[in-house]
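The chain below stands alone, shown as structure tokens; this is the form predicted alone.
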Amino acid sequence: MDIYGHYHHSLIQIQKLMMDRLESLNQQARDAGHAKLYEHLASRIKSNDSMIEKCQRKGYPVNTESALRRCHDAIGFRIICNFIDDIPRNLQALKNADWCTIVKEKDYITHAKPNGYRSYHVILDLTTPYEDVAGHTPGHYYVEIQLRTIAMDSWASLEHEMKYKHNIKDPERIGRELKKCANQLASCDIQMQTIRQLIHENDKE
């Protein structure tokens, strides 16, 4: 079954629309003489199998309503920033946008997960020209955005790869090393931010 039904096409169009809007926010920042908001973007529509598995894991009915209303990550974006301070700049740009509303935030940067994972997650309620699962036009769709630095994203990619490897020898040791690496990268992010601030202070002088 296609859990998204005939809304799958709308998801593809909304993904493109969202990409254009995020790129526009970045360009607006640069046109105003500010540093770019992010280094690059990544996006995906959650696969059919993954969404079915999530609904089952959450105890939701396996249907389109669950996929598009109870779950909030059918459409996902990752905003990869150069510096930690770019993350609140992106958040403010989203809060100022008239085409979306932030309905949920999770700060895994200030409060990292036990395994060392760091990222800032937001759920947007996006107003679109497409009919939603409730039959409304304009329709409302949820979009999940993960905001990370390059260092955070590199670590998350490695951790994700390890998570799906089978028959790993000594997983406890690997977990400890990953946690240590996450802490070292977090320190590096802070150092990089400090260097950026010092450069800006010199420019002002």
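Because the structure is predicted, anything quoted here is derived from the model rather than measured. We number the residues from 1 along the sequence you see.
Below, we refer to the form predicted in complex with a small molecule, which is not included among the displayed structures.
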Exercise. Is D73 close enough to the small molecule in the predicted complex to count, meaning some heavy atom within 4.5 Å?
Worked result: yes
For this session: Check whether E144 has any heavy atom within 4.5 Å of a heavy atom of the small molecule in the predicted complex, and answer yes or no.
Result: yes
Exercise. Does Q92 make contact with the small molecule in the predicted complex, using a 4.5 Å heavy atom cut-off?
Worked result: no
Problem set entry | Partner contact for R176 in the predicted complex: the small molecule, 4.5 angstroms, heavy atom | no
Problem set entry | Selected contact from R30, K163, H136, K180, since only one has a non-hydrogen atom within 4.5 angstroms of the small molecule in the predicted complex | K163
For this session: Note which of R44, H40, H140, R69 lies within 4.5 Å of the small molecule in the predicted complex, where distance is taken over heavy atoms; exactly one does.
Result: R44
For this session: Assess the spot marked by K54, R78 and Y108: is the small molecule within 4.5 Å of a heavy atom from every one of these residues in the predicted complex?
Result: yes
For this session: Please determine, with the chain shown alone, which of 126 to 134, 95 to 103, 81 to 89, 113 to 121 has non-hydrogen atoms within 4.5 Å of the small molecule in the predicted complex.
Result: 113 to 121
